[in-house]
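What follows is one chain in structure tokens, specifically the form predicted on its own.
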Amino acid sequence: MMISDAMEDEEKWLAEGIAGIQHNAFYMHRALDANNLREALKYSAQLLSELRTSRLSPHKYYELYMRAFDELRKLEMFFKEEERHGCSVMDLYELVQHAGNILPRLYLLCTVGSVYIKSKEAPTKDVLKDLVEMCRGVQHPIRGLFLRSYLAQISRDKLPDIGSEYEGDGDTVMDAVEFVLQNFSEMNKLWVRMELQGPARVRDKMEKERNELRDLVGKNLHVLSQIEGIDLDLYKETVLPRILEQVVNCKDELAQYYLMDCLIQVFPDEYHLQTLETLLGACPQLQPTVDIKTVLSQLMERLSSYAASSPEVLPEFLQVEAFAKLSTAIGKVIETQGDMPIVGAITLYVSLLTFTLRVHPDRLDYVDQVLGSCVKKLSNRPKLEDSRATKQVVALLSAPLEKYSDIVTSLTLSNYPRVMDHLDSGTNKIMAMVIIQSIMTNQACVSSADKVEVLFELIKGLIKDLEGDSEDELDEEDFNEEQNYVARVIHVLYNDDPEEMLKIICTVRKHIMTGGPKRLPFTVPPLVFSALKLIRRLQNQDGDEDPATPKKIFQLLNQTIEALSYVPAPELALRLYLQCAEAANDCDLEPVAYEFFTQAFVLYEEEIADSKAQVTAIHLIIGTLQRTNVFGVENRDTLTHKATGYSAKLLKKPDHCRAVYACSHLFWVDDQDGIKDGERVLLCLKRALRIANAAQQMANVARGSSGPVTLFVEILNKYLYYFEKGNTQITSAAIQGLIELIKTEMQSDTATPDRISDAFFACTLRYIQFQKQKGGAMGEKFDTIKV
């Protein structure tokens, strides 16, 4: 209620002030029309007296000021025309000083002063000096600020600048600079004094009002920047020191922040670069509460853009040692402002790093130095918990990745992993994902064991549990995605030198083996395949004196895969053992291949109990064993016997049947030197047929109907395969008998109709018919089969 009442009162006071201005303006206009100087001065003074009010806020006072300003423009036009009022400018300048109140007197004096300067009847510098000194007579902050703003407004186009009509006859650029600096200094003092007025309960309101007036002060710096005569020397020797003196001495948080920001924005980047030491030297002297990080960040942003504008300016940065000065200044600011939040310090380092990457991208020592400074600031502190600080650290670590598309460049930064150590485990994982994504996006290749060591140290948050990790918080989908990323990065580690590649593999193995049972199933397979790729490159060499040989790598792989049995992940371990056995076969290493098969069989016997997993495993074993050709007769018989033995022990009859007929391929390898034991093939197929027949009978007993004839059709296809391959034990009569058996089963009363089986059998018969029509030797063989 009180606030609304105050606003209503203010509106009323403003309306009264505007009415007073309009009333006196009416009579002033009549006096101007009548060329009556005395009446014009009288009513203009009364009009300007409305600006003496102290009851309006800056915003409302500005409205009142603009009404008066418009009237002063008309009065100035009248003063310029001497023939209308019949008074010389010099006499007029004296005459207006007889006004009763100081505020109207000074507004009139400034107005006449503008005309006085334009008439050139007196040196410009004398008039400006007189005006700026006389304005000290008004010390009320708001009234004084608007008065001096008026002075700045009417004088800005009349300064004795280079090329200006007011230059010469003793009027120099220095006079213009002196005038603007003095006006700026006095305005800043008035602005700062506003903060000291009013009780604590209205402090926020006063702060807001001060903020509204800041542009009045900042305009002076803008005017300074527009003076053509201010060259680098003048700026360095006079302008900048005077401005900084005023900024530092005012000891006001709002003023210091705004003026530093204004200074950086209005003056040329080249000047900032050449006066960097002076400018930065003022930063530690500012109030501790000043948001200096934003000021410095903007300075570095401008300098970065300046460096990017032209390659020709880069030597200037080296000449003035810009990086060293900025780095030292940031260190001093952080040291001086001891209570600066950690997020503020890291933000400064992010800005410095961004500046360094833009201006000195080739200086990795600078980049590492910035990271080192950040590590020093973060040392002796617990893990970061402030989300804003964490976000800034991520920005700090991401900057080099974005700049250098080659991840290897970032891996050479010794302080990079030390910064990551200060992240909490969740953010550490996010950063590790960012690093891996950078590698994938840029198709980077990490090609040395040392670099791999650094890389895996960086992404350790994904490779092993860190302190503070909680299993309860782990989302399974997120975890799987993380581990798939790790698996992908293992595949891009490569070196043409086998010895170095083996070192890389050993380094990766060292790290991933610490990952625990949940991670190993994701990370061991890519490592195994990476090692197998290396083995295939070394396939034809096996000198024991070589540091990297297939034998040595196979030993490493045996130990690595063995770890999966403790996870446990027996199915995965079995698959990897079989992959290694196949690779050993290609390298002609019979003992190694035999050992891997042995390990696979042990896993099958001791660890794989699920019937579906057993079926998959036995088919994998049979398929791999069938492709191996390194074994002697004894070893192959042993392994084949084991495989057929496992097939016979499967629980479900259909699985048992399929495994047995699959074993037939172990006795018939369709290579030039392959095994071709037709009798044992026929034995397997006959046995499979008996098992299929038994399965049908069991189904008939259990369910009152026999199952589909799919197993018989599958066995028929095996008969046809071996018949076609030239196995003399497989006769057309046997095939004919099997076809008749299937037809009988399908027509049986107990048969279960099955469209899939029927279609399968029909396709098989069509194939026989196709072979018969083919002609030639194959056609003759199939001709005896009746379909």
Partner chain sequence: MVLVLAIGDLHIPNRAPDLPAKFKSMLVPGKIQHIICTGNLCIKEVHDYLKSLCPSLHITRGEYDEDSRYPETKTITIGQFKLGLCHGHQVVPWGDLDSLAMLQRQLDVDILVSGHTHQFKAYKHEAGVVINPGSATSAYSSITYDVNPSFVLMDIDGLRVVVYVYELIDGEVKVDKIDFKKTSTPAI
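Numbering follows the first chain given and starts at 1. Definition used throughout: the rigid core is the maximal C-alpha set that superposes within 1.5 Å between two forms. The shown structure was predicted, so the numbers you read here are calculated from the model rather than taken from an experiment.
Beyond the structure shown, there is the form predicted together with the partner chain, which is absent from this document and is the topic of what follows.
Just one of D130, E582, E277, E607 comes within 4.5 Å of the partner chain in the predicted bound form, counting any heavy atom, and that one is E582. None of M174, A487, V454, L240 but one reaches within 4.5 angstroms of the partner chain in the predicted bound form through a heavy atom, and that residue is A487. The shortest heavy atom separation between K718 and the partner chain in the predicted bound form is within 4.5 Å. For Y646, no non-hydrogen atom is located within 4.5 Å of the partner chain in the predicted bound form, even though that partner is not displayed.
In the predicted bound form, the partner chain sits beyond 4.5 Å of every heavy atom of N558. At least one heavy atom of I756 is located within 4.5 Å of the partner chain in the predicted bound form. Shown alone, this chain has one stretch from 349-357, 570-578, 637-645, 593-601 that lies within 4.5 Å of the partner chain in the predicted bound form by heavy atoms: 570-578. The three residues G623, E714 and F760 all sit with a heavy atom within 4.5 Å of the partner chain in the predicted bound form. For L234, a C-alpha deviation below 2 angstroms is recorded between the shown form and the other one after rigid-core alignment. Once the rigid core is overlaid between the shown form and the other one, L650 does not reach a Cα shift of 2 Å, moving by less than that. After superposition on the rigid core, the Cα atom of V320 is displaced by less than 2 Å between the shown form and the other one.
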